[in-house]
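One chain comes next, on its own, written out as structure tokens in the form predicted on its own.
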Amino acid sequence: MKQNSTDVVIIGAGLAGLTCAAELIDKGIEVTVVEAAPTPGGRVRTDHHEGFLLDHGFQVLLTAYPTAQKYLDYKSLDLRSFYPGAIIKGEGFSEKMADPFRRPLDGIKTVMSPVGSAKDKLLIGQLRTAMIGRSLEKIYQGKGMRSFDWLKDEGYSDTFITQFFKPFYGGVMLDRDLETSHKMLEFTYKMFAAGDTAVPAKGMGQLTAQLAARIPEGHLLLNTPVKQIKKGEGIELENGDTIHANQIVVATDMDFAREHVEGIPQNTWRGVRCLYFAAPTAPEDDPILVLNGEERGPINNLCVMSKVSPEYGTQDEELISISVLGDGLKLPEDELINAVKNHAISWYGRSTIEQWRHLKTYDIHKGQPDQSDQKLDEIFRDVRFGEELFVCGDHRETASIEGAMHSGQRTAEAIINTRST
């Protein structure tokens, strides 16, 4: 049995673990990161497939995330931005909703569109202004409530909730029923309003690749699953080797953390299925999110990723990403592909959709931890579980890129604090 030693060992090379490692390394602390998968990234990865770039599910970077701004070099990521708005789609209708603060001319058309009443549009404008001026600390205070109930209390119509909020936040929070805490809705709305919605030119995996590049050679161990944590000693690997460490960070998903760390509460996952199609022509000309504005069909949201960043597609074909929630999670893949295509035919016509070629389906059972009102009352959950054991991940904060990265930063700061006392 081989034995190694390090100052801090981090289990998991996702956003949380890599951010924690980056902060500790910056402070001169020796770190070794172990990852069970063959590549770093956790849930933020990009595959190369037939010349296309396929993210592990439809994901975006909100450039206003404060922790992402601190640790990521946006310029080298070559970020490509989405159109600030969305298309609300249904059988027989298609309406573009633009952010009037960023697209004033299109915003005038939005005011005149039949999606939502005048009151709905006034309310969403007021929400944008309110969130821009509200601090994250203020948003996180107090008790959370079900997003659907909060929207009803605010005065939004049932039609607007169905056509806009359900598909938009269904995609963000993997929760078309809007059971998620309204704190998450306010937090994400602030981030959407305060910055751009973007992806790196070469895929979302560039976020974690950039962070992983900061780890010294030999200190990022891939294909290295952990068997058990030994408090006061270190960790034992599945291959029988031991890594001795003064402090241990569990930066995995909440299931592994709960199995190996006492005090992690039980929670459930929200899942999503992401289907990628290649097509000779794009169904939309703009880099814009298309939302299912009707209570039918498996598609929740659609985007032509090659319109956002041409690198996602090939010279001859466009790349289309489609996210599916609800009953579509249970369908066999062949039935799901047919159901998605039939739904898309009602939007774009049979001749367009018949040209689509299915590339790959990602079944993401562990998309996000449940963030319903009772689960999100405490935003900043403990990361310290003793002098030597720490836990970070999006299950310790908001289920978002910001939540994962900030929990990693908080964990590194907690470790540093133990050494200064």
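Numbering starts at 1 and runs along the sequence shown. Because the structure is a prediction, the values reported are computed rather than measured.
The discussion below concerns the form predicted in complex with a small molecule, not included here.
In the model of the complex, none of the heavy atoms of F52 sits within 4.5 Å of a heavy atom of the small molecule. Residue contact check for F385: none of its heavy atoms lie within 4.5 Å of the small molecule in the model of the complex. Residue contact check for S147: none of its heavy atoms lie within 4.5 Å of the small molecule in the model of the complex. Remark: V226 counts among the residues lining the small molecule in the model of the complex, judged by a heavy atom distance of 4.5 Å or less. Exactly one of the stretches 250-258, 155-163, 90-98, 300-308 approaches the small molecule in the model of the complex with heavy atoms within 4.5 Å, and it is 250-258.
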